[in-house]
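One chain comes next, on its own, written out as structure tokens in the form predicted on its own.
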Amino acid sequence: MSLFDQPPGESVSVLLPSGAPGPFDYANGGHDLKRGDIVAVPLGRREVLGVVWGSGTGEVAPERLKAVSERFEVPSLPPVLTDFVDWMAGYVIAPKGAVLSLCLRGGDALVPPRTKTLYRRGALEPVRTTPQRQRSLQAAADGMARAPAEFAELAGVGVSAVKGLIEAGALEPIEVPVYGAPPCPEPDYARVTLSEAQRTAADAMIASLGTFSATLLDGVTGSGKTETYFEAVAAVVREGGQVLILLPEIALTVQFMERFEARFGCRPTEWHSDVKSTDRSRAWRQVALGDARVVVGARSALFLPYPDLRLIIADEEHDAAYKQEDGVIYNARDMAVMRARMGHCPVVLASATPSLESWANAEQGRYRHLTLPARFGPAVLPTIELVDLRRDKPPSQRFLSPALEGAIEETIARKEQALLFLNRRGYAPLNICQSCGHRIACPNCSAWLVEHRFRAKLACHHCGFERPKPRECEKCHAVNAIASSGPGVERIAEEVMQLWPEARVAIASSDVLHGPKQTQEALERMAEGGIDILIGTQIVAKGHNFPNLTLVGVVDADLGLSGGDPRARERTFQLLHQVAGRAGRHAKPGRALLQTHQPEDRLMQAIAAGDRDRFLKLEATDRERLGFPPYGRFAALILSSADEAAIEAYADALARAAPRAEGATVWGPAPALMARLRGRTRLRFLVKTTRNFRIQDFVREWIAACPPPNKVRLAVDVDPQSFI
């Protein structure tokens, strides 16, 4: 018997949005239920939220089953979404309920929306008429529902005249939601003239609508990728479908929203952690009803209940921010590809510096490869120069080389703007006693405390611990011996202000700019010419357009190359390429200077030559030789515990229980790069397999043979992006 026509008393399985095992059987309580219905069910003494997942298993006798309490009057989760939850839970090795919880983050969206009373022309005629009432009735003749004050303003009468018509029954009340459907984007509101390459790419994306395909939209910085995929968005809107545009970071959303509004005449529906609770509730319901036609959001927007999703776009697809590292661990870019496949719609991955995974898929024909090889309009790519810090050394206690200083001086003299990039927050990454060498560390994490001079604090960027900078060394008690070591953006700003005291200087980092609004205000000041020299972290590296910015200086181009991350070189190349691409995006030519101690390194040579594909081919050759992704697979098992003895005992037991299989190698246990985090000791195992190996089955079998004790937390990261 189908779940769609169960008789009263039949049982259903209900999945709860939590890490608890499930689903659980319930009697349907006389409700007409189907898979995807959102319900309330009793659990112990509480009532909890759940989703009908299928027919009951029959494992519990019918008379012992509790009944579904309520079915919420909202659209059911679409079948493609419930199927996606099942698939994703298996892929990332997470409880289905934990994945389901990602789909139910609409706040009060399940509560019937608040209504307001409006009035429209009723069937009755007023017994007594006056000129004011006549004008009010004429204003109501169009049948539109309005508030009394709106009728009064439209008719040019007092509100009392309108209220008289209401009392006479000539205007009848109707209840309407406080929040109606969002405005629909207008596909032809402000179309732009595309270049030949843009038009070719746009036409290819439009032709792919209606079936699954994966496309890599590969365009140099400033080539107009956004305007190009906007044409595909417009085509979907014309047909009445829904579009999801994923962005990796909240900081990008405000400027993107303005670009979208300029093109389509209204803002899209916004979804990310900074959206207010009431707005999230409204957005969730609008998406579920199909009223929200275009959604722009962070990775969690992938799990909204779209009834008619016809196109997914992942902008800056290479960005590591698409990886969720806590709770359910997943890569939103990869999940977007599978969501599109299951929903039979195209997915577009856009980037100026594609991930090696996406690039290899395009090279091997798995993805369509569309290229935009030149900047839009008169703009040309910037020239990139390497500054050898071994020869062109900065003065003592300074960090800008003479070459970079000279370039900044020339830029300011021409009334143009400079951007200095250093991917390190705060004033100094390390504070050390000059007397005994003691380094000030976080008490909760295996990390040094970072000095933030503007706030007069030492802070841990991992757990949030803060303390004042001490006058006395806590180890040798030497007074005034604590020295700042190394630069952060605050220290570079201090140096810049000493060298150019008349220049307008600003810092762009997450310590200074809190949330999208402050970030956008700073970026607008830069775009409007209110800043001469901007010093920033990776927050300024992508997606921003500054017309008068002609110089980019990278203070430490070698910074990302250290550590044990197999993707370190790829990520460094992407970041340097992106930040250099901020220069010269309009008519004025741009220039980028990269300070490095390794100018002969092939990465630096490829950046300077603008030869991205050569770098990717060499990197791919190395990865293939080692069997690293995308030519092999990784899965990480991360153990953490506040009890060091417990975690070591479990790690030893887990190592002994590791299955043996051809094509799989297990490394570990070993301390994580961040061996202590928030007061918990951390150990890691890494499973390396061949590309087609069933790595999830291997890991599930392993954990089942040796489950973790209560004192130890075990997290699984399939296809890890971070090795911290």
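In this text, residue numbers run from 1 along the sequence as written. Bear in mind the structure is a predicted one, so any value in this text is a computation, not a measurement.
Below, we refer to the form predicted together with a small molecule, which is not included among the displayed structures.
- Although the partner is absent here, Asp388 sits far enough away that none of its heavy atoms falls within 4.5 Å of the small molecule in the model of the complex.
- Although the partner is absent here, Val192 sits close enough that one of its heavy atoms falls within 4.5 Å of the small molecule in the model of the complex.
- Proximity of Ile638 to the small molecule in the model of the complex: non-hydrogen atoms within 4.5 Å are absent; the residue sits far from the partner.
- When the small molecule is considered in the model of the complex, Asp565 lies well away from it, no heavy atom lying within 4.5 Å.
- Checking Glu227, Glu249, Asp556, Asp601 for any heavy atom within 4.5 Å of the small molecule in the model of the complex turns up a single hit: Glu227.
- A heavy atom within 4.5 Å of the small molecule in the model of the complex is found for one listed residue only; from Gln132, Ser76, Asn545, Ser435, this is Asn545.
- Look at 218-226, 609-617, 272-280, 396-404: in the model of the complex, residues with non-hydrogen atoms within 4.5 angstroms of the small molecule sit in 218-226.
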